[in-house]
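Only one chain is included here, represented as structure tokens and corresponding to the form predicted alone.
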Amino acid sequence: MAGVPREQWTSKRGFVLAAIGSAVGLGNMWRFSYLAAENGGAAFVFLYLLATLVVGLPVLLAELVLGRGSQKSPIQALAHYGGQRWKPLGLLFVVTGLLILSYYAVIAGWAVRYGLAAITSGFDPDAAAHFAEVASGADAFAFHVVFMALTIFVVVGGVSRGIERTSMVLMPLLFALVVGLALYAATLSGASAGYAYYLAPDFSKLLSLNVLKDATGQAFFSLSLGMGALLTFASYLGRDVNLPRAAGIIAGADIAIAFIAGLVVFPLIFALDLSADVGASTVGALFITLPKAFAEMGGVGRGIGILFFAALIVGALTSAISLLEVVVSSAIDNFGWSRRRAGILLGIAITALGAPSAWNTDILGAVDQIANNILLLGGGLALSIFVGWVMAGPIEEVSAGTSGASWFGSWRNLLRYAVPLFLSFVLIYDAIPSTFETILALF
């Protein structure tokens, strides 16, 4: 194991784009849209922004500090600073990333299928029936396999030649696609109703614990926190990188893409008077309402749909790459495996683990609840306690590559007090009970 040299990013820009790619994905364009729709639009957006800045950003910076400081993947990083007894927390990160990728790739497979269908035959006017037909079963599993194969191919290529090169191309493309779609959506005659639904405040929702729980879970899911992805990416960094600046750019890009995606989705839905369809399905909302809109728009809708699903696929791929990298890097560090062996074997294992989600959307939804409401938030809680109370010298590590800042002490205090209290409250009073209700509903 000691003889395997650790890979490095070739540029700071490459790392930042790869980290943004990890954060920006289906969580922004799929999950954010349907959660905003279910939770009253602007109230959810406000709480999501608040959770990202107050809770998400401090934990994001903690992951970067832990990864760069240790130069190791999650399990070994926790052992490096906390000893052997903290290895289970690192293992939790790896298991969480593995579990999320298993169903995330299923949803990404839907996007691939819809994108190909848009090119070859167009969108089915009966979008709900079409989604019910393709969202589960053999075809869903086949596209899940295709997407996982593409993810494995990139990760096996390595940090600089695979992940970094891919991110340098795909992330600018994603930004261009999303911004272009938002500009087009603004020209639609009914766009103002969509903006009103999306942006008008509903102050009663601000006091809803369920909305707060969903907003916090979305912040963690979208930023790829609590699963060791950014920790792993940071382990390939040198100490000359300004981590607070990088964290701010990553969080800012994540928020921007999520917000702009809403400026695409809601104007399209309201312009075609499809607002009643938004809440018809949680997991499938984006794959029912928007394809129906694209079908009703005719040839123009087909072209817009191709661009939209292209953006969805790009975002999904960059995030999936980071999730698989967590597992692969851990196998390299802990077992001395080659990158090729780890990528192929573990990629196949994750593909098999995702089979139940591919065959049953109820299972997919339950796994999403477990991973997002319990594992991500629980991992973030444990990480904040670790960096806040256990890790030696986090302020010295975060200061490397910067000119120093007076607020670094406040950052550690947030990790020590505010973040654990907030996450514990959300976990105990809503996230855990609601997740168990979802699991029981399966039986």
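Not measured: the values here are computed from a predicted model. From 1 onward, residues are counted along the sequence shown.
Note that the form predicted in complex with ligand TRP isn't included here; everything after this is about it.
In the model of the complex, at least one heavy atom of L376 sits within 4.5 Å of a heavy atom of ligand TRP. Although the partner is absent from this view, L17 stays clear of ligand TRP in the model of the complex, with no non-hydrogen atom inside 4.5 angstroms. Remark: S167 does not count among the residues lining ligand TRP in the model of the complex, judged by a heavy atom distance of 4.5 Å or less.
Ligand TRP in the model of the complex comes within 4.5 Å of no heavy atom belonging to S73. At a distance of at most 4.5 angstroms from ligand TRP in the model of the complex, all three residues G27, I100 and L323 contribute at least one non-hydrogen atom. Of the stretches 114-122, 288-296, 215-223, 237-245, only 215-223 has residues with a heavy atom within 4.5 Å of ligand TRP in the model of the complex.
For the options L174, A229, L78, V265, the residue carrying a heavy atom within 4.5 angstroms of ligand TRP in the model of the complex is A229. For the options S319, T151, S357, S330, the one in contact with ligand TRP in the model of the complex, meaning a heavy atom within 4.5 Å, is S319.
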